[in-house]
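As structure tokens, one chain now follows by itself in the form predicted on its own.
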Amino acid sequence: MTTFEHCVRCTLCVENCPVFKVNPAFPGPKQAGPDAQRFRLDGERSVDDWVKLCCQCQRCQVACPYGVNVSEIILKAQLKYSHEHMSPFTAHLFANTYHLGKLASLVAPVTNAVTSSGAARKVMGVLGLATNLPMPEYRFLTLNRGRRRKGKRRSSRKVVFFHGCYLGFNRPDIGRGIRDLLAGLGCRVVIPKQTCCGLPALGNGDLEIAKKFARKNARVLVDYIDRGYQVVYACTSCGLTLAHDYPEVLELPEGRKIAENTYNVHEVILDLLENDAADVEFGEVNRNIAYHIPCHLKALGIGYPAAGVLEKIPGLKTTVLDDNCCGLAGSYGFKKKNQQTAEKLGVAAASAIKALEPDALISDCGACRMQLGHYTGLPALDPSEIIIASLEKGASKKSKGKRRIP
């Protein structure tokens, strides 16, 4: 990756910045990144609070023809600003998303009732939280409280599933579906003890908390990697953190090893389908699906592996949409100060989806599903849910075909 000195001011990053398009207070990634970096080298105190308006979608970095690490430059500037200034309550709250999730899931029914009440939402507004979007529900039976190992013990394909906070606390049903899907395709699947990947802490300016989370995960993941396991993620933001931020931003000694052994779950599924799981049959799924590509999937640079799996499903019409950012960007859109920006981006992305007149939308990112499900009014699904439904139909059809007529 090249440095800020290689920026030629072509402004392609600015043209691809979603925040710049809707928020005039943000000068764009060129000025917030390479241009401003030239003046940050003198060690003076940070004064440009607009650097915090960047949502870290990383579209600027993807767009740069010279490989300048624009979003990383901005992230480090955000961390410097947060270190030198008092952070608001919301930053401390969202930096500790993992601990919040653990506590909220223990009393999930109470948590969900309180966060959905009108009185609580008024208090949230006073505390600096956005109130336009329903808060995600928590589940008592988290992914860590369920079965942690599945599949043949002596399988040649061993994976350790890094599920992240959203699948862990809010949608463990999706996480269990992915666990069972991988096991059904021949993998030995382990769900290890894990904490937050660290991205919420990074995005909220707390480098130390991010490093604490990352070090804990690194010790566990490297132990499995050394035993022949591959690290598999479903959340693209978690995946980007493991593959990029651990070695580059957090500079973990084990970061490079983790990055080199980390894969998107649909990369693994596609490989299994094409090389190892020849006996699998997809059933027909007659649906018209809009597939919203998360910004962080684009930033990973691995293509769209879920689309490759979905192509194998008969009857399924899938339209890929990769031009828009959903605007939520994890905790970014849950802050009152960013509410208007997140709303504008969410409405624009939702309009593109609704124009296709689909019966549902899918996305690899839980935040994208929350945001776009809200603004489109459509069912918002994980790609694995469509894949599982098709495989179940295929298995049912196969079992009927094997029945003997007496």
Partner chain sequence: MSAYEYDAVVIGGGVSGIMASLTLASGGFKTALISRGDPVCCLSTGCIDVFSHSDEPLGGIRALLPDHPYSLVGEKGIVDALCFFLEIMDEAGLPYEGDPGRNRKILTPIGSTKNTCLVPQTMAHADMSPGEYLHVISFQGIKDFFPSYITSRHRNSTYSVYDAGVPTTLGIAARFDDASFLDAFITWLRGLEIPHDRVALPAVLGTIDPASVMEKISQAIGRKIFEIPTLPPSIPGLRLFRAMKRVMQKRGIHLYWGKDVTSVERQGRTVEAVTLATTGRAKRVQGRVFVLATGSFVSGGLFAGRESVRESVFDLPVTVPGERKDWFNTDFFSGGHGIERAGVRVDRAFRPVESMIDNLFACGSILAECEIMSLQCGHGLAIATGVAAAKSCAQELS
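Note that the structure is predicted; figures quoted are calculated from it, not measured. Numbering follows the first chain given and starts at 1.
This protein has a second form, the form predicted in complex with the partner chain, left out of what is shown; the following refers to that one.
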Tell me, please, which stretch of 76-84, 296-304, 169-177, 183-191 lies within 4.5 angstroms of the partner chain in the model of the complex when heavy atoms are compared?
-> 296-304
Kindly indicate whether Thr11, Ala243 and Val320 are, all three, within 4.5 angstroms of the partner chain in the model of the complex, using heavy atoms.
-> yes
Partner proximity in the model of the complex: Asn16 to the partner chain, non-hydrogen atom cutoff 4.5 Å = yes
Quick one: is Phe39 in contact with the partner chain in the model of the complex, heavy atoms, 4.5 Å cut-off?
-> no
Could you tell me if Lys393 has a non-hydrogen atom within 4.5 Å of the partner chain in the model of the complex?
-> no
Though only this chain appears here, would Gly377 touch the partner chain in the model of the complex if you measure heavy atom gaps against 4.5 Å?
-> no
Pick from Asp223, Glu284, Glu208, Glu274: which residue has any heavy atom within 4.5 angstroms of the partner chain in the model of the complex?
-> Glu274
Identify which of Leu250, Leu316, Leu270, Val280 has a heavy atom within 4.5 Å of the partner chain in the model of the complex; exactly one of them does.
-> Leu270
Taking heavy atoms and a 4.5 Å limit, what residues of 49-69 are near the partner chain in the model of the complex?
-> Val62, Ala63, Cys64, Pro65, Tyr66
